[in-house]
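Given next, in structure tokens, is a single chain: the form predicted alone.
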């Protein structure tokens, strides 16, 4: 942690709830995000989706750089990712400011932070997180899911070589994030094997223990 920083986060946890969603590639983050948006009123922000959109956005100064990092299974520089997330949050809040009756705005940030320094940088400059939801899934299960998805997804990184690179990257760089937040009692760890509905029930039980109540997004 960097105690020397004096920067105030852009958003306050008193009116903005941020939950990080982490898990290896193929652990089911996208599927479970949809459930949480539907039942808990979260705005879902996928770091990967924002980066993929940015790399093809006309006039983007980061496009080619992002493309080369994703292709090689490397992590995009955190300043770029954090800026995209922060701006997406600001855009959503401007569209639908949270009213007193609805409570705090809720953001589910999927696939981020990928490294410990990203976590620190985001919490210092954007908003401290409430907790991290970690989908714990064996590598062989994730690989089978991704290879199946690759048959129809059209994504460059849904192939065996890229998948294995992404696994290695996740274990080496993202697990320390989970471990650090666990020390702060800021992790809900859920087994992500079995049927989607069973995994979601485990997530809901974890949310209930943290006092996060159902609030539909409609």
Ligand code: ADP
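None of these values were measured; they are calculated from a predicted model. Numbering follows the first chain given and starts at 1.
Another form, the form predicted in complex with the named molecule, is not on view; read the next lines as being about it.
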Original post:
Quick one: is residue 149 in contact with the named molecule in the predicted bound form, heavy atoms, 4.5 Å cut-off?
Top reply: yes
**OP:** Spell out, yes or no, whether the shortest heavy atom distance between residue 92 and the named molecule in the predicted bound form is within 4.5 Å.
**Re:** no
Original post:
Should residue 35 be counted as a contact of the named molecule in the predicted bound form, where contact means heavy atoms within 4.5 Å?
Top reply: no
**OP:** Evaluate residue 195 for contact with the named molecule in the predicted bound form, applying a 4.5 angstroms cut-off between non-hydrogen atoms, and reply yes or no.
**Re:** yes
Original post:
Any idea which of 177-185, 22-30, 56-64, 35-43 reaches within 4.5 Å of the named molecule in the predicted bound form, heavy atoms considered?
Top reply: 22-30
Original post:
Mind listing which residues of 120-144 have a heavy atom within 4.5 Å of the named molecule in the predicted bound form?
Top reply: none
